[in-house]
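Have a look below at one chain only, the form predicted on its own, in structure tokens format.
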């Protein structure tokens, strides 16, 4: 969990991912041949494949997290904010927040609005006594997020934020470290602005023009309290995406990963997510297109301050990714 914890504790709201990219670049440098950044801030780590006529395999996990942007300060010194990404305001209410400059505050509803937890009803309190005092420390356009943390629950279960999607980034870092021989030309792409429309992966996919694409993200589960029916559970392994609201995955690639998991005795399950999407959609349709799917980590309470995962699923995703990197995709039948 060391790598994952390190990545989760770095601040990186959508559009402000550079600190996360710096940390990942430091981790990836010993394991790849080159590292570049593009205009949107995507971190692209390239490892040349050892196979003859190696296929291009693009792996993508998004660095950004949901958060807030300052829109103004009222006369009492309270900070008005707007959402960046899908904020769950019931979960966010009364949580500690942190700005990029380290300033702390608490996000609170302005009053009793009959459970109207909309962004227009929330402000951040930094303990200032006036508008002038607040404006000395915060300006319009500053970014903030609820405070990151990681907690061990019991057994293999962990809670915290933002597992979405630092856990995807951590899977890629660990796979780069643990693979024995990279057969394919691998592009480990740590993307920006996924939470606001998969923007980083769109540009990166056009630049890489992959033959095969694999995204990493969290997905829902059907085993939480009052969860919607879903054939995905925590602790049952890597979730191989078949479909979500933004993509129908390549059937051959899905079958290949499912069979590879069985061959390597890696726990895996198939995922159909009825709402939500990932960077998979951008990679599938960029340029002339690619054979695309995703590996997801089943997660309870997504976009809350206590997203919950099983380490077994995280480890299974790492093992399956390393196994994929070690296979010459040019020789496989799909």
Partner chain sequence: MDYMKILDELRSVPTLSGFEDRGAEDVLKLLSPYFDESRRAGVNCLLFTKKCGKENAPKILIDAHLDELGLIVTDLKDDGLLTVSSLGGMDKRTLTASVFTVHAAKDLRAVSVKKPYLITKDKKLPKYGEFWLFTGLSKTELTDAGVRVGTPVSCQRSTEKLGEGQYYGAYMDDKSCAVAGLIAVDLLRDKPLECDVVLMLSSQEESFGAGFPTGAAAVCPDEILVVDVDLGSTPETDDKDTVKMGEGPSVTVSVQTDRRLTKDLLRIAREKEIPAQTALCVKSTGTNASSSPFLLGGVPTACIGLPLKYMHTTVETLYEKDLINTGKLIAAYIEYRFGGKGGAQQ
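Worth saying up front: this structure is predicted, and the values here are computed from it rather than measured. Residue numbers count along the first chain shown, from 1.
Same protein, other form: the form predicted together with the partner chain, not shown, and the subject of what follows.
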Touches the partner chain in the model of the complex: residue 179 (any heavy atom, 4.5 Å): no
Any non-hydrogen atom of residue 308 within 4.5 angstroms of the partner chain in the model of the complex: no
Contact of residue 244 with the partner chain in the model of the complex (heavy atom, 4.5 Å): yes
Interface membership of residue 272, the partner chain in the model of the complex, 4.5 Å heavy atom rule: yes
Residue among 139, 76, 262, 132 with a heavy atom within 4.5 Å of the partner chain in the model of the complex: 262
Among 42-50, 272-280, 29-37, 62-70, the region lying within 4.5 Å of the partner chain in the model of the complex by heavy atom distance: 272-280
In the model of the complex, residues of 165-203 near the partner chain [heavy atom within 4.5 Å]: none
